[in-house]
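Next up: a single chain in C-alpha cells, the form predicted alone.
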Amino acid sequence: MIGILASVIDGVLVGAVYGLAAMGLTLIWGVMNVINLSHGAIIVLGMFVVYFLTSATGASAYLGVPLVLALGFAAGVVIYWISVNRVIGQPILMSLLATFSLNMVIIGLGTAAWTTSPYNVPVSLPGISVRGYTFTGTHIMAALIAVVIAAALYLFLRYTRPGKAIRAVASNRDAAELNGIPTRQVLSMAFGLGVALACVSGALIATLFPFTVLSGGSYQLKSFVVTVLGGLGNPAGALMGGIALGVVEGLATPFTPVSWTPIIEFGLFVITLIAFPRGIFAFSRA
C-alpha cells in the first residue's frame, strides 16, 4: 500500500512537468486555433539547450531555466512570423502541414547534428526518504519549478495588459481588432510563450530522464492527452490534467510493463474525448 502511494506521489511530481509542457500546446491551440505538431520537437530543443549549457559552463541545469525561457520565446516569435502567421485563419489542414513540416525540419537537423544517441543531464539533489521510499530531489525540484512557472503564467494572463490582450484575442479576434489591439503582434507573443513553455518543460524533463533527438513524440502524445483532460485553451486545467496523467502513470507502473504506458495514455485520450469532449477540468477555465 505504501509503495502504491509512493508511486502516486512520484506521478504527481512528474505530472506537474507534463502539465507545464501541455500549457504551451493548449495556449497556442486556444488562442489561434493552431494545432502545433512541432510541439514534441520543440520540447526536445529545450532538452538539448540545457544539455549544452550545462556541458559548456558546468552550471546547474536549474540556473539555465530563465535562459531557456528567453531563447524559447525568441525562437517562437521568429517561427510565428516565418511559417505560422501565413496559415492563421486558413483551413486547419494548412496549420497542420506547416507545423508538421517544422517538426520534420527540427528532427532532421537535430539528427544530423546530434545523431540519435541518448543524452542525459547529470543533476544531483538530495531526496526525501519516507518509510523506506525515496522521492528524488530532481523530481521535487522540477515539480516546484513547473508550478511556479504555471502560477506566473496565470498571473500574467489574468492581471497584465499583454495577458489581457491575449485573452481578448482568444475570445474574439475581430472584436479585439475593433478595440485597437494589434492582434498579429499578440498572436506572435502567444506563440512565443507557447514555445517557451515547451522548451522549459523539455529542460526540466532532461533533468529527470535520458533523451534522444527522437524523444519528442512520446511527450507530444502526453501533451495532447493533458490538453484534452484540461480543456482546450485552459492553462490552469492543463496543470491539473498533467497531474492527473502523472497519477495514472504512477498507478499503472507497479502493475503493468512500461511498454503499456503509451497504450494507457492513448486509451485515456480516446475515453476523455468521448465522455468529456470539453475536458474533465473545463470548469477551471481562467
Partner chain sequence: MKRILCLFAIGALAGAAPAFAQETLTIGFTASQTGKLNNDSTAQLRGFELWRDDVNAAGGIKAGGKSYKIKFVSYDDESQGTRVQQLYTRLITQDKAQFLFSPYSSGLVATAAIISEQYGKVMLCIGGAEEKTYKLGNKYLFQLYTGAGQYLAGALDLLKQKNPKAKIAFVYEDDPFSKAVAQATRELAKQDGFTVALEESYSSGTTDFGPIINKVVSSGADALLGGGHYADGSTLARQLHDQKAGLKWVTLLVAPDSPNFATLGDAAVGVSVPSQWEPQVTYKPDFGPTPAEFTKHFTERFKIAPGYHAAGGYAGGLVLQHAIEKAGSIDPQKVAEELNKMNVTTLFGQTKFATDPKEHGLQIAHKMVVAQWQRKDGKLVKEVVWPNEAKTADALY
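Numbering follows the first chain given and starts at 1. A quick note: this is a predicted structure, and the numbers were derived from the prediction, not measured.
There is another form of this protein, the form predicted together with its partner chain, and it is not shown here; the text below is about that form.
Taking Thr111, Ser171, Thr160, Gln185 one by one, only a single residue has any non-hydrogen atom within 4.5 Å of its partner chain in the predicted bound form, and it is Thr111. For the residues Ile149, Leu208, Ile140, Leu71, the 4.5 Å heavy atom test against its partner chain in the predicted bound form is passed only by Leu208. Contact check for Pro66: no non-hydrogen atom falls within 4.5 Å of its partner chain in the predicted bound form.
Contact annotation: Val17 falls outside 4.5 Å of its partner chain in the predicted bound form, judged by heavy atom distances.
By the criterion of a heavy atom within 4.5 Å, Val258 is counted among the residues contacting its partner chain in the predicted bound form. In the predicted bound form, Thr54 stays away from its partner chain, with no heavy atom inside 4.5 Å. Only one segment in the set 192 to 200, 160 to 168, 141 to 149, 116 to 124 has residues whose heavy atoms sit within 4.5 Å of its partner chain in the predicted bound form; it is 116 to 124.
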